[in-house]
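What follows is one chain in structure tokens, specifically the form predicted alone.
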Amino acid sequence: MEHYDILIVGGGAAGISAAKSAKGKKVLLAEREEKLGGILLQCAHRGFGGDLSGMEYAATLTAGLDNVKVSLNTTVLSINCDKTALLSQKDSGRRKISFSRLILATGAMEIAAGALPIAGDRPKGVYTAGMMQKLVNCQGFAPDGPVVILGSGDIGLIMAAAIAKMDIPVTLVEKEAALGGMARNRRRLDGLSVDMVLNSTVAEIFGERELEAVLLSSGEKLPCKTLLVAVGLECDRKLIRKLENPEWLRLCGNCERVHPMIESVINDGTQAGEWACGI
């Protein structure tokens, strides 16, 4: 069985930063996608590291990983109490490894429509905002309009601006009395045709096979072909749910807590890598 000083699960900003700071150790960085970068790879908007897109920033971040074994297209199926892990790689199948320390950098999952108290079915046309961002920026997809976005956090604001720039009608629905998100993302809406409904939420979805409309808690019914849910994130810790906080485990990035800025994610990952070097 192959042994590593440090196993890092997740090749986003936190995992990459942890790997780069784990100098002098035998490190395995396992990433389930075909490229490193995580959520950055679907972020076409600028503002990372100054004025870079997320995709550009990911390219700069991945430089300097010469000391790390990177395993792409690799899913970590299980982590065991005896400090072993079962991995499945797309081309080579399953293998078991052992490690001395584990850094979990699996990020966060979006809260989907099914987790919300919204009546009605879940017809075609209901997405999370992050999934739509990936479809638009990585696959050239254009959503059917009109589009309703539930939630005005950062991803909701970013997608509202992106869709409006495609000349697709979009309405932003926010349960609070004011828009959320960072000021720089609220400014993305300046000069764009985005309708806003505050103090309201989506109460019901209409449509059997395809989305037809949503009913707001205010009583207003909005015709739409696409609904994007942007109501928040949950830390992705399912891989370690059976473990009891062992001393050889460190969480970092958005699986430890949801960070508002990429800089704090990178700093958290760097600290995790330094911690793991204290073997």
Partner chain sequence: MKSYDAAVIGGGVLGCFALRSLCRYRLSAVLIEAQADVCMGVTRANSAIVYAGYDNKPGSLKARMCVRANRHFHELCSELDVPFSRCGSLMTSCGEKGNAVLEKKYRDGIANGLEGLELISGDKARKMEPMLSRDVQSALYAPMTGTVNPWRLGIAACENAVQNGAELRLNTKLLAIKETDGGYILHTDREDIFCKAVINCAGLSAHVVQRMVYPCAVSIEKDAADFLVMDRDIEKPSRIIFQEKEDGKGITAVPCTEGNLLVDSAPRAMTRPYATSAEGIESIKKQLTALLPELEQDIIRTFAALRPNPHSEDGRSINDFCIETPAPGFVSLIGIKTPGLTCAEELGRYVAGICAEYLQAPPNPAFDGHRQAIDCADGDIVCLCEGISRAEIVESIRRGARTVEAVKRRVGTGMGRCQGSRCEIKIAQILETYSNGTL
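Positions refer to the first chain, counted from 1. Because the structure is predicted, anything quoted here is derived from the model rather than measured.
Another form exists, predicted in complex with its partner chain; not displayed. Remarks below refer to it.
Only one segment in the set 87 to 95, 143 to 151, 187 to 195, 157 to 165 has any non-hydrogen atom within 4.5 angstroms of its partner chain in the model of the complex, and it is 87 to 95.
Its partner chain in the model of the complex comes within 4.5 Å of a heavy atom belonging to Met131. For the chain shown alone, Glu56 is not a contact residue for its partner chain in the model of the complex, no non-hydrogen atom being within 4.5 angstroms. In the model of the complex, Ser71 stays away from its partner chain, with no heavy atom inside 4.5 Å. Not displayed here, its partner chain is approached by Ile205 to within 4.5 Å at the level of heavy atoms in the model of the complex. Out of the listed residues Ser100, Thr201, Thr75, Thr171, Thr75 is the one that sits within 4.5 Å of its partner chain in the model of the complex by at least one heavy atom.
Residues are counted as partner-facing when one of their heavy atoms sits within 4.5 Å of its partner chain in the model of the complex; in 223 to 248 these are Glu234, Asp236, Lys238, Arg241, in sequence order.
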